[in-house]
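Consider the single chain below, provided in structure tokens and representing the form predicted on its own.
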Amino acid sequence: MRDRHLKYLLMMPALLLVTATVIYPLGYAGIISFMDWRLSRSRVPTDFVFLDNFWRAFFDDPSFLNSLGVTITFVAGSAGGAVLFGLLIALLLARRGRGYSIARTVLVLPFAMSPALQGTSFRFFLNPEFGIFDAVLDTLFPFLAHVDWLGSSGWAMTWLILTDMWHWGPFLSLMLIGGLLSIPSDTLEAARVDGASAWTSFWTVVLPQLMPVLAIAFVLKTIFSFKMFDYVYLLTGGGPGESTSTMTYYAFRMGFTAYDMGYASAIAFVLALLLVVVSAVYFRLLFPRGEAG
């Protein structure tokens, strides 16, 4: 009897923390999303408007639809690019030895750095007047000397994705290195005995066994990409125009620039529902019901 109650007592701090930081804010945002609350008029929510905020988002606000398209573009580029980048690093460093162990330890540094520091640094690096990245790229590729990297919508999105890849790629590579090192050596030796080349062994032996780890890495990166805010705020400011304004950044603008908390909550709630749907689809693909037994 005592042991049965002890497990709930031990879980209580975690449950309180999750409730305070996740469940309560999400529930409160869900309630506010059905109300009209403008901080410029009132300090508390005023009228209950039901689905008006959601209707406005999908049918009366082109900027929201633009932010949805920008978010999908960023998620596709950053999630796919970071996983591919991490896989390439993992294939290079998935070997046993002291040197490789040191290299894998150093890989943690980009992920350990603050996103605020990285976003600010890349903004200075790409500055057309004194940025080191701009100077190097102009020297190596003179035909790009006139390009304003963060002033062009295409290049701004490209550098936003590259910055996020640089941050996440090493961390994902550590996950994939663990998966590569767990592959039984017998299967690779059998492929060599059969005369398979390194490329053929990778496609027919390594990649199928690594696929579960790749899928989990892709799910993890996709979820975090949907929530991207730091680099947008610090690197591009959502610009030029609204070309890099993601849903999280647009919700921030509506809430803390336009002071329309009800509409901002509706946008945030749409993003939360979108994340739930994407996660459900991924996990359904990862763990089909037929394999549960």
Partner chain sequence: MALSPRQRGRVLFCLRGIAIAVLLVVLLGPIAWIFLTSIKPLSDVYTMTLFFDPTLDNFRAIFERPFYVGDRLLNSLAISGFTVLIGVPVALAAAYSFSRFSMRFKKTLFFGVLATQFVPPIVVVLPFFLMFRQLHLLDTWTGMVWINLSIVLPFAIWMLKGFIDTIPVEMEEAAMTDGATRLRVIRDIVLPVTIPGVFVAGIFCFIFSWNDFLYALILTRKEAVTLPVVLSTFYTEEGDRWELMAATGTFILLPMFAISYFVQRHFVHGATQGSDR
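Since this is a predicted model, take the numbers as computed values, not measurements. Numbering follows the first chain given and starts at 1.
Below: the form predicted in complex with its partner chain, not depicted.
The partner is absent here, but in the predicted bound form a heavy atom of L93, alone among A191, V206, L93, L87, sits within 4.5 Å of its partner chain. Note on contacts: among M157, L107, V75, L210, the single residue with a heavy atom within 4.5 Å of its partner chain in the predicted bound form is L107. Contact here is defined as any heavy atom lying within 4.5 Å of its partner chain in the predicted bound form, and by that definition each of A116, F130 and T248 is a contact residue.
Looking at T120, you'd find a heavy atom of it within 4.5 angstroms of its partner chain in the predicted bound form. When its partner chain is considered in the predicted bound form, L68 lies well away from it, no heavy atom lying within 4.5 Å. Its partner chain in the predicted bound form comes within 4.5 Å of a heavy atom belonging to F252. The closest heavy atom approach of L137 to its partner chain in the predicted bound form falls outside 4.5 Å. Residues from 221-249 that approach its partner chain in the predicted bound form with a non-hydrogen atom closer than or equal to 4.5 Å are I223, F224, K227, L234, T248, in the order they occur in the chain. Between this form and the other one, the CA-CA gap for S245 and T21 widens by 3 Å or more, being larger in the predicted bound form.
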